[in-house]
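The chain below stands alone and is given as structure tokens, in the form predicted on its own.
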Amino acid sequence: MALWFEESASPAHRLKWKITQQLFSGKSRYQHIQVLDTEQFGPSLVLDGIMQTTSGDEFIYHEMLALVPLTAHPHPETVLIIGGGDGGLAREVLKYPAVKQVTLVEIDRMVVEVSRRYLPTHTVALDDPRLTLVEEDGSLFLDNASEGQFDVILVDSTDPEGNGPGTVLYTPEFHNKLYRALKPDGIYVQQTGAPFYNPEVVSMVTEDVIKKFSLCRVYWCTVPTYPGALFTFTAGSKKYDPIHPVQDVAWETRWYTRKVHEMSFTLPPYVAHLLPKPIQDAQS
């Protein structure tokens, strides 16, 4: 009899993956962690019953979250990653030649340990000498960060649901801390979810970010394993417009190109209507 993992995208829609086996299941201080070997997408990380990343399609999400801000910044030497304990985002960031130092702040040590064991294609860069791994709440880490410490900050977190560890990372207080920790020409990007199922997330974040940053932009990609496939990112920039890459990627990618970068800021009307009007006008 086939085994299936099922996730509820909404009260009226469920997603299912056929799995060959459960590789890991355990409870950390913060969440229930599973690794499932799926027939379609290979080993996959599940947190509190929500599919987070799969070996089969993670490159789309991680390339777009990393390379859009890095190529839009002329000298992205210091990068902070909040969340991302599976290692996939750090791997893409550390491919970028200009990057000299990456600080990865992950609240849940078990996510890192489990990923090292079961998601080796994600974690290949976690031992890079340019990377410092910190086990701490991302918001608390920013309390002690120096003002203007980072060129780029990337927030790779779980969705803001209930009392989960990602909820605090979507608040105005957190965005104030982000702004302070960025250099005067810094860029930040945060995943803002699936607009078909959680439209309030991208609306809430952009309403706040546009008040704080000189530029607020939204871009998107399609990730097959995320509900609705359409997935958004919100960028806040103090100087450089993330729409325009100023550097090229010199290595082989699987999703990102300069044209994909530029096109990803062209918003379908459904998504644009969720955003403050200045963003709609800037990206129309």
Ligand code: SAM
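This is a predicted model, so every value here is computed, not measured. Numbering starts at 1 and runs along the sequence shown.
The same protein has a further form, the form predicted in complex with this ligand, not shown here; the description that follows concerns it.
Chemist: Exactly one stretch in 194-202, 181-189, 145-153, 100-108 has heavy atoms within 4.5 Å of this ligand in the model of the complex; which is it?
Modeler: This holds for exactly one stretch, 100-108.
Chemist: Between the options Glu136, Glu77, Glu113, Asp128, which residue brings a heavy atom to within 4.5 Å of this ligand in the model of the complex?
Modeler: When this ligand is considered in the model of the complex, the option within 4.5 Å is Glu136.
Chemist: Exactly one of Thr225, Gln31, Ser237, Ser55 has a non-hydrogen atom within 4.5 Å of this ligand in the model of the complex; which residue is it?
Modeler: Result of the distance check: Gln31.
Chemist: When the contact criterion is heavy atoms within 4.5 Å, does Val124 count as touching this ligand in the model of the complex?
Modeler: Judged by the heavy-atom cut-off of 4.5 Å, Val124 is well away from this ligand in the model of the complex.
Chemist: With the partner left out of view, is Asp159 within 4.5 angstroms of this ligand in the model of the complex by any non-hydrogen atom?
Modeler: So Asp159 counts as contacting this ligand.
Chemist: Quick check on Leu47: any heavy atom within 4.5 Å of this ligand in the model of the complex?
Modeler: Yes - in the model of the complex, heavy atoms of Leu47 and this ligand come within 4.5 Å of each other.
Chemist: With a 4.5 Å heavy atom cut-off, would you call Val93 a contact of this ligand in the model of the complex?
Modeler: Val93: no, not in contact with this ligand in the model of the complex.
Chemist: Enumerate the residues of 69-102 that have a non-hydrogen atom within 4.5 Å of this ligand in the model of the complex, in sequence order, or give none.
Modeler: Sequence-ordered list: Ile82, Gly83, Gly84, Gly85, Asp86.
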